[in-house]
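Just the one chain here, the form predicted alone, laid out as structure tokens.
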Amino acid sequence: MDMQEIPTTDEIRDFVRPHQVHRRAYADPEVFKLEMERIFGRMWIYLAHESQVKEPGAFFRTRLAQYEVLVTRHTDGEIYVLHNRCPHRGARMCMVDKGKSQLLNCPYHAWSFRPDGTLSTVPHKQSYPESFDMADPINHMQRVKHVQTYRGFIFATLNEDPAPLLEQLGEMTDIIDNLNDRAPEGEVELSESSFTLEYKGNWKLHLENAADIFHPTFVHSSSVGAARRAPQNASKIDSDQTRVMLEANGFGVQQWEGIQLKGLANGHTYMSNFYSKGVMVDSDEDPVMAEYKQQLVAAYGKEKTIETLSVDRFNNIIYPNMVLNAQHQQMRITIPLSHDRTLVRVQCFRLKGAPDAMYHRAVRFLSTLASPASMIFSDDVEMLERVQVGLDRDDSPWVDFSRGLDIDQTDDTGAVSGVASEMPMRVQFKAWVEMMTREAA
């Protein structure tokens, strides 16, 4: 079949076998169009954090499915999501990533809109016909109808009749709760420190890489070797954090068979943490952690503090676009641009009420793991782009995801667990097929 033809529902189901996925899931522009409609258009998609639009007039520019949107805070305190286009002649309104303004102005004919999208003023109003009504919704910026927040995280959907947000998030609310509970004041704010990177590959490759425990041994071998050769505790700048992070990617059999993988409904997955040394772990010998724990105990009590800090999960993937690491206050957002172009927004949080040193460690983690200069992320991007180049060719149409197929275990709730497995990819594709073949509500 020609890859330019829109695949049927039956063909989409045939793309995914128990241990294989057809290359068209990554390499076909027509499949990507359906993903924008049926996954990113129907699911609840994370867009922004409330701390990015704290005050009336604040806005943040991002994407929802194939559309560019603005997340705004109106004077009534409500959050709105607006299509970034003027209803007059369709001009793109905002070009900056974020800002604050009581009016959003179209650069073409100077129509001005309030942060809730309603039309405020037009130049030379007397030249418009008597029938022109500034209160008519047709003259307002188009709103996304369904917007919900969960503990500061803003989600929206284009689905006309969506399931509840909490139903889609399922058990993954636990990790959002845990992130907030790690703040002595009970909430977090998104840091100004962030990176936005683009790679030439399909959006699913980033999520698969985040759930893959086999690649670090090979892909990151150069930085692992450098970290092993470096003297311990030689850096006073970061308390040996960078060296420990790089060295931790040196997986062997012990890690492959020891890291627990979990797959949940709706494509969500996570793994157990593999950072086990130095300032990367909860230690009373670390003065920064000791001070931080004292503040948590003062805020919540000893029992709640122990419970909160005992959550030690890594790369919590909230399908289809978020990777969250609560204990390191990190988040990565996947933003598809085309079948072979993807933006990744890398951000970290500040724990409100925690020592500044905790925030500095989060920024260091951000820079070491996923900045443009990161030895880790640059390796990953190289591999994702090599995979895309291979998938764009039709030499071999199938991708293999069979590792662990016979040893994964499923409990009564349907959750899947395993080690040394490609189970997370199979879980993600199970959700992919469900969404891609589900009839519109």
Partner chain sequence: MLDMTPQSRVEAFLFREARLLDTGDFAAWLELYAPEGVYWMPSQPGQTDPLNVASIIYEDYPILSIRVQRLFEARALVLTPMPSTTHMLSNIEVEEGDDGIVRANCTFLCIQYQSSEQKTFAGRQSFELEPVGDSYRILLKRVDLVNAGGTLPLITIPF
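Positions refer to the first chain, counted from 1. Keep in mind that what you see is a predicted model, and the values were worked out from it rather than measured.
Although not depicted, the form predicted together with its partner chain is the subject of the following passage.
- prompt: Since exactly one of Met95, Val253, Ala234, Ala298 fits, which has a heavy atom within 4.5 Å of its partner chain in the predicted bound form?
  reply: Only one listed residue qualifies here, and that residue is Ala234.
query: Pick from Val381, Leu47, Ala58, Val399: which residue has any heavy atom within 4.5 angstroms of its partner chain in the predicted bound form?
result: Selected option: Val381.
- prompt: Would Ile154 show up as a contact with its partner chain in the predicted bound form if we use heavy atoms at 4.5 Å?
  reply: No.
message: Against its partner chain in the predicted bound form, would Ser193 count as a contact residue? Criterion: heavy atoms within 4.5 Å.
response: Output for Ser193 is yes: heavy atoms within 4.5 Å of its partner chain.
query: Hey, in the predicted bound form, does Ser222 get a heavy atom within 4.5 angstroms of its partner chain?
result: Judged by the heavy-atom cut-off of 4.5 Å, Ser222 is in contact with its partner chain in the predicted bound form.
- request: Give a yes or no for Glu198: in the predicted bound form, does one of its heavy atoms lie within 4.5 Å of a heavy atom belonging to its partner chain?
  value: Heavy-atom contact with its partner chain at 4.5 Å: present for Glu198.
message: Given the stretches 203 to 211, 235 to 243, 313 to 321, 103 to 111, which is the single one in contact with its partner chain in the predicted bound form, using a heavy atom cutoff of 4.5 Å?
response: Every other range fails; the passing one is 235 to 243.
query: Even though the chain is shown alone, can you say which residues of 348 to 364 have a heavy atom within 4.5 Å of its partner chain in the predicted bound form?
result: Residues within 4.5 Å: Arg350, Tyr359, His360, Val363, Arg364.
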